[in-house]
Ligand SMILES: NC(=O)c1ccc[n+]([C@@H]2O[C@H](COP(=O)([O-])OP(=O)(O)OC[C@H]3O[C@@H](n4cnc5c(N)ncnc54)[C@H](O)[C@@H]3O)[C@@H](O)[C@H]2O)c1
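This document opens with one chain alone, in structure tokens, the form predicted on its own.
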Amino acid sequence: MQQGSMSPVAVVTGGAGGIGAATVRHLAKSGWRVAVLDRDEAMAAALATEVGGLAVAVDISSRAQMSAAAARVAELLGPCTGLVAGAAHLENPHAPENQDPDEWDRIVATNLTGTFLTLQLFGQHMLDVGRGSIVTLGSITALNSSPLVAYGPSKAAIVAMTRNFAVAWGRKGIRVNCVCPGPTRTPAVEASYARGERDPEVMRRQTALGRLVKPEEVADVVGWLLSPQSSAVTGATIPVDAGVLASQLWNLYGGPG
């Protein structure tokens, strides 16, 4: 947590569920005043009440809505010095030739444009005060091939965007890093397992640790990146994947373990 006369302000987009909700709880316990931004107004309000934060219903792909959200957070809580760009539109595996064009547009609008607007508009407040830390949520699908035809490229763009902002704003007192979760047991992914769209056992076998990731484990890394303990870290891409990326070639020899 950053030091000051008043508890610092953090903003988490996609904050009402999954990794976002785990991050909100982690930051609140660490002393941040947290704004929970999400399209689901009821879930955001419930979590904000739980942690003593502020709920803001917003579509991050809308510049007008995000500009209004940034102004609202600044008015009610003060300028944010911690920002987690976690909102994303998910995707199920499929072949490239079967990509739905409308779904492609939604993923790009949310994951790419929405993340850019989050950094640009909330980052302006950090520029004004001359300090801050930002964490974007990428994915290990950004770092290799996958059947997530639109989602993976959108997350790869976020990795590149993170590096751009890190260098552009580094000498203005702002650090920007990217966390890339692997197979994480969020409510949305659990629902996908239940529908038979993914097999958790297949995923588990690809991990070096022999298990999947918990949302709280991703939140722990995000919290560290927002804290002074990571004060020399910027422009980094950090996988939190139970060792999926490390174990890839082991699958040519029967898999890890």
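Every value quoted in this text rests on a predicted model; they were computed, and no experiment measured them. One rule holds for the numbers: they count along the sequence shown, beginning at 1.
The next section is about a form of this same protein that is not shown, the form predicted in complex with the ligand.
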Quick one: of P79, G123, P183, P153, which gets a non-hydrogen atom within 4.5 angstroms of the ligand in the predicted complex?
P183
May I ask you to check whether A208 falls inside a 4.5 Å heavy atom distance of the ligand in the predicted complex?
no
Would L225 count as touching the ligand in the predicted complex under a 4.5 Å heavy atom rule?
no
Although the partner isn't part of this model, could you tell me whether G17 comes within 4.5 Å of the ligand in the predicted complex, counting any heavy atom of the residue?
yes
Does at least one non-hydrogen atom of N177 fall within 4.5 angstroms of the ligand in the predicted complex?
no
Please determine, with the chain shown alone, which of 46 to 54, 226 to 234, 24 to 32, 184 to 192 has non-hydrogen atoms within 4.5 Å of the ligand in the predicted complex.
184 to 192
Quick one: name the residues from 73 to 87 with any non-hydrogen atom within 4.5 angstroms of the ligand in the predicted complex.
G86, A87
